[in-house]
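Consider the single chain below, provided in structure tokens and representing the form predicted alone.
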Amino acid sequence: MYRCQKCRDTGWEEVDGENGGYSFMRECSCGLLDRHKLKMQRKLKFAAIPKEFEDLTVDSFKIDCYSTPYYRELAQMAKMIAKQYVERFQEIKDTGKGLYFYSSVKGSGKTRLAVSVANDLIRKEMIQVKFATTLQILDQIKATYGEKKKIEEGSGGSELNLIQDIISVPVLVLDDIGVENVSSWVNERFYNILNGRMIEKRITFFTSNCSIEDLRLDERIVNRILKMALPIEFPAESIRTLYAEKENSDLLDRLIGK
């Protein structure tokens, strides 16, 4: 049974052409398509994808910007794996396995591809995604300590609630893991988050400037990341720098009237 018999819950209805002409499709008057768009907009807003990445997709990821055949081959492999991950998500999601994009060089494109996978999953699977850097998460946890008075008064949040929210989100993009100053406090928070996500088989995408084995975090955390994600190496080249140089050159040409 469909909620709308005209469009069969697709949001599109078929209309016969006038005078025996070709039939065509139009948005159904039931409003399902508008509600679908609104739902997607809410999911995109919740994801908190940085503005520079919000419209990017795996298909639009370019590999010709890398300078050597070897780097282009690495980037092509990463793109192919990301594309297959999105296409076969229904087969993969119950495993709880994500992807770990890493490169020794900042600006190599790993965050760009990780976010592209997230964007594609939101649009194709309507799944809830959250993007955050590790430093943002740690700052949010610290911010809850100032909420103690509010909690005692019956309002405000807590560290436990925040960590549970992070554990519960179906897909998490955890950007720049490995840049934080490691301490017992940091290790404990990351362990609680990642152990919880591993147990619940929540999917996590990581980006980092080092391989999983080279992370300076507690061994328990490293072992869990190895369990949770497939490592994908990125070229050791900053395409961000290349793009910045080209943008600066183009701007200079405009300013001096070329």
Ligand SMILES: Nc1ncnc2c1ncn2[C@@H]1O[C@H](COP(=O)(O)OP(=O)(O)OP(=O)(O)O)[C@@H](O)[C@H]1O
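On a predicted model such as this, the values are computed, not experimentally measured, just so you know. The first residue of the shown sequence is 1; numbering continues from there.
Just so it is clear, the following notes concern the form predicted in complex with this ligand, a form of the same protein that is not shown.
Although the partner is absent here, residue 182 lies well away from this ligand in the predicted complex, with no heavy atom inside 4.5 Å. Looking at residue 62, you'd find a heavy atom of it within 4.5 angstroms of this ligand in the predicted complex. Contact check for residue 109: a non-hydrogen atom falls within 4.5 Å of this ligand in the predicted complex.
Of the heavy atoms in residue 53, some are within 4.5 Å of this ligand in the predicted complex. With the partner omitted here, the residue from 127, 143, 105, 80 that has a non-hydrogen atom within 4.5 angstroms of this ligand in the predicted complex is 105. Heavy atoms within 4.5 Å of this ligand in the predicted complex are found in exactly one of 163-171, 184-192, 110-118, 86-94, that being 110-118. For the partner-free chain shown, just 176 of 173-201 comes within 4.5 angstroms of this ligand in the predicted complex, judged by any non-hydrogen atom.
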